[in-house]
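Okay, so we've got a single protein chain in two different forms coming up as structure tokens, structure 1 first and structure 2 after it.
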Structure 1
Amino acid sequence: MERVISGIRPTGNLHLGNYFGAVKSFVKMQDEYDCMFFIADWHSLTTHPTPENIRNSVKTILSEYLACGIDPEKAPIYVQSDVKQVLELYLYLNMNAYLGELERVTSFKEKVRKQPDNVNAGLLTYPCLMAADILMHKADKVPVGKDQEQNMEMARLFARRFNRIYGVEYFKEPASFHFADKAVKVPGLDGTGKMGKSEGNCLYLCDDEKTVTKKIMRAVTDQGPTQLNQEKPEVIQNLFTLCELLSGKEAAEYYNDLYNRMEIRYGDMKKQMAADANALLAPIREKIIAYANDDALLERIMRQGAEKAAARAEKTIEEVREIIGFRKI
């Protein structure tokens, strides 16, 4: 069975973009692949979170993963910092990574632009840590979005370089992976781009019914079509894309027909979207609350996940140390 590894940074609540773009696929993957999921708390240190933020965010993300249907008996979930072997492999990969290639990574240059006062070494070597997370478990496939594709290519580069330097065929080159036929892009409620935390245009899985309704009813629209069968501007096309995700293809086609006839009432469309969004989120929200209030269960799941991940990681590190020439501990 092919091995799949995927992580998420604990930077706040999951939103619909995460749900439709990744988490729904993860729930399907756990029945068809040898999956492991992890919460990437070491990666979050590049933005200097407080200890309280880290602990709360880890608990939040774990509760939401479980509420969406990830079964830790099928797909172990662990916290990155609980698997110390990752840091040793990270060190070895850093030794074979070069400054010029790391500085050319698009995500690094973007972070430098956005946070010029916090250009730390962790940002620069982010691809090395990501590669360590993946190569440690000898993953065949890694579910990623387009924004991570360059980092995936770096992981493949580091695998090839390690094998070449030490004259072995040890690390396989992990493939980028979309479980669906194509990646799902979930538009933001502001009508531009995709749904994202930093854009402030999200519907969060934990939003209550009133908040969900208010956000959707405030979704950006225009004054409506002025011609029959008029081409939709981006902001309206995004609304229809979100409508199909929340209310289904048939509902989207119904409102599309009204749009083409210049009879569309965006308010009616958004009311149905809000009702369908609440129907989707209500059971997830209830489960999130239940998991978040059961600290003993969360601790047990994290501990069991860490034990399974560490067992694999320790085997890899022992073999890597031998390949490089270090003695066994």
Structure 2
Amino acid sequence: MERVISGIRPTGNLHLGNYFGAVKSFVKMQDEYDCMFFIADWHSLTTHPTPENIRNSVKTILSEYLACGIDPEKAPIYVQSDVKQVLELYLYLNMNAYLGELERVTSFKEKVRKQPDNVNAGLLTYPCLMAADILMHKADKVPVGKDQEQNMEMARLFARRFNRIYGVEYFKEPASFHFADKAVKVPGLDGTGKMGKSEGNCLYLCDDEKTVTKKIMRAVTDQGPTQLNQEKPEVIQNLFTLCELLSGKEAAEYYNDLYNRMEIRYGDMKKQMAADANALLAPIREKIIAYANDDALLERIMRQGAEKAAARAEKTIEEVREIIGFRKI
């Protein structure tokens, strides 16, 4: 069976972008592939969280994953920092990753622009750690959102380079797997292109019913179309994309016809979107709360996940050490 791995950084709560862009595809894949999922807490250190932050966010994200339907019996979930072998592979990959190519990664350049006071080496070598996560498990497929494509290209590059340097066919080039064969990009509620934690335009899976309704009703729109069959401005196109995700294709087409006839009332469309969002989120929210209150269960799930991941990782590291020329330990 093909192997699948994916990780998510524990930085705050899961939002609709994470759900449609990542977690939903994880849930589907656990029945079709040999899956493992992990919480990328090492990656989150680039933003210097406090110990309290880390403890809380790992627990939160784990509860949210489980509430979305990840079943640890089918797909082990582990915490990245529980599997130390990844660090060793990260070191080896770092030795063959070049400054120029790392500096050219768009997300790195963006961070340099957005947080010039914290351009740490971890940010620069982020793609190496991500490649280590993936190559460690010899993953065939990695479900990720569109924004991770460049990191995936780096992982493939590092796999090829390792094989070339040592004259082996050891690492597989992992393929990106986009849910429904295309990368979903969930727009933000502020009318901008991407829902994201740092953008402050998110609908969170744990938002209560009132908050969900309020946020959707306040989503940015315009004055409405002024011509028949008018091309939609970006803000409106984004609202329609969200509508299709929440309420389905038919509903989006219905409102699209109204838009084309200049009869649309954004308020009606949003009301439906809010109702559908609440129908989707209510059961998830309930489960999040139940898991978050069961520390013993969360601990057991993390331990079992780490054991399975470490067993695989250990095998890879032993083989890699031998390829590189290190003694067996």
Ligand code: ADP
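One-based numbering along structure 1's sequence throughout. In this text, the rigid core denotes the largest set of C-alpha atoms whose superposition between the two forms falls within 1.5 Å. Given the structure is predicted, the values throughout are model-derived calculations rather than measurements.
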Q. Which number goes with the form predicted alone?
A. 1
(Q) Superposed on the rigid core, does the Cα of N96 end up 2 angstroms or more away between structures 1 and 2? (A) no
Q.
Does Y266 shift between structures 1 and 2 by 2 angstroms or more at the C-alpha, the core having been superposed?
A. yes
Q: Please say whether, between structures 1 and 2, the C-alpha of A251 moves by 2 Å or more once the core is aligned.
A: yes
Q) With both forms fitted on the core, how large is the C-alpha shift of Q230 between structures 1 and 2 in Å? A) 4.0
